[in-house]
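There is one chain below, alone, in structure tokens, taken in the form predicted alone.
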Amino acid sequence: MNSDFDCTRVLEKALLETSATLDGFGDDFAPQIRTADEKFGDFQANGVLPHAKKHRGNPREMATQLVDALPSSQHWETSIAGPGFINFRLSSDYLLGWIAPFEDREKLARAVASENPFKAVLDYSSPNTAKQMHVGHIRSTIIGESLARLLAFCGHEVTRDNHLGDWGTQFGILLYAIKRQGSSLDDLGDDPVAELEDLYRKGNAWTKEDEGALAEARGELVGLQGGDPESMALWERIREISMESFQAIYDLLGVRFDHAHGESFYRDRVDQVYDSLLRHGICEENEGALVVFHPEHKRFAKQPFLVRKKDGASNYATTDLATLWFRSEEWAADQVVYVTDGRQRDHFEQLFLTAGKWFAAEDKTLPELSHVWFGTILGEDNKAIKTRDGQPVKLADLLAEAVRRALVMVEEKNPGLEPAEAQRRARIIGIGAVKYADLSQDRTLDYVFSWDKLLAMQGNTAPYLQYAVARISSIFRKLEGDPSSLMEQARPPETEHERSLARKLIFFPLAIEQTLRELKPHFLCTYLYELATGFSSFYNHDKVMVDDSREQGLRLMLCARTKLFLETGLEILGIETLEEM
């Protein structure tokens, strides 16, 4: 993070210089920084009062001496309040000097660019092939995409990997069902993935009812794992059908991947994992299986990390270790971020412990590993969201419903709008609303899904932020003349609402920094909401179209920077904006 753009350092410098001028006050005087107004970032030194009390002096007189001893600065202003509080605030000249250079997204990106960029691999979404994506996939998909965009915006090299569940026992059952029913994978109807799911359910029922059917399904799995041409051709077609279905949803969400290396990609690498873990004494045989224990861990000393099943089959642990090795060797990853459901915390904690020992034994540098986990989406009954018949909500159906509801809003507001334009706006508003409803929550918490709340035009919602952008756009559409020439004449902020909005703007880099540090998008959402409400307050109190060119120039600049920061923040979150709503 570029410290030149961190306003808090300016105020910290003021406090340090204050302390340095007080040799006569003794060593016990230590100005403290406390946030007097966290929302806007003014600071206050409150070390005078205890010092004055100890030395039986007048705190206000001591505060006056302290302020008089301070060197003059163009960056901050001081004042004395009450019995001797010394207030520091950024000067109007500093505020103008800070916001003026940010004319475009590139300059804003440079302000938050990392001084030590690294290579990051983001592992997210990861649906199972031959199954439809349901509402449970949306959190991993959009949280992962927003973090990938955030890391890239801060100058890091990002690789997006969709680690598909495309290998395993279930494919033996599915291949058996396809062959038994005589199904053609080129004629599965309008919803081929739903038909594949139905075939798997039939196959699963058959194998439970009939030992002969189970033996045939196992034979199909052996054939697939052995590379039988017919089985491999069917498996590849299943994967293609699934990917087409997934891609339709990813296109709607504005999500992209650099790779879709599923579990199948690593099937020829798992033996190397077994051999290396055994050679270094990291795993051991236990009741026919290969497991890893971690004696130093309270729970994992007895809770095994299963890396090979009794029947010799690999599992998630095996492929995850092989995947991590590949990402380190082939992609030179410095950091790997896994975005999954919180119920997988034990798995990833054991994976990270095992990988640490394995990489150390191989004298390899382990990438920094992060498990970005999230809670559950709840229905209004506070239970995991389901359809009326108790089934998981299909993600495609949820997104279609969001667009449908948004279209009603768009048509009510703009009844004469062309159908294609109405549909475009509905897609941007509806999809944005669903994304923001999720991203604006602390990801570690469950949250209740509510159509009324997420599509509301007031409150911390995507439509509210999108409307703020559209309202600013309308200001510039109505403007006569060149806004750039007017902004060049801008005077420093003077009114309460000018200063308040300018102060909120300068906290953009800090919001980005906190979001990146915690890997929690809701910090950025909170900042954008506060920026939008700050703009609304400014717009309602300070007229933008005024006769004074310097005053108008400043207010246009505040509008332009607010629009840029909102659009940039929403783009990082994967949310589109509109020029008109």
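Start at 1 and count along the sequence shown; that's the residue number. All values derive from a computational prediction rather than experimental measurement.
What follows is about the form predicted together with a small molecule, which we do not show.
Partner contacts here mean any heavy atom within 4.5 Å of the small molecule in the predicted complex, and among 362 to 370, 336 to 344, 290 to 298, 397 to 405 they occur only in 336 to 344. In the predicted complex, the small molecule stays beyond 4.5 Å of every heavy atom belonging to P483. When contacts are judged by a 4.5 Å heavy atom cut-off, Y316 counts as touching the small molecule in the predicted complex.
In the predicted complex, at least one heavy atom of H163 sits within 4.5 Å of the small molecule.
D320 belongs to the set of residues with a heavy atom inside 4.5 Å of the small molecule in the predicted complex. This chain lacks the partner; the member of R425, R503, H137, R89 within 4.5 angstroms of the small molecule in the predicted complex by a non-hydrogen atom is H137. Though the small molecule is absent from this view, in the predicted complex it lies within 4.5 Å of a heavy atom of just one residue from F348, F265, Y274, W325, which is F348.
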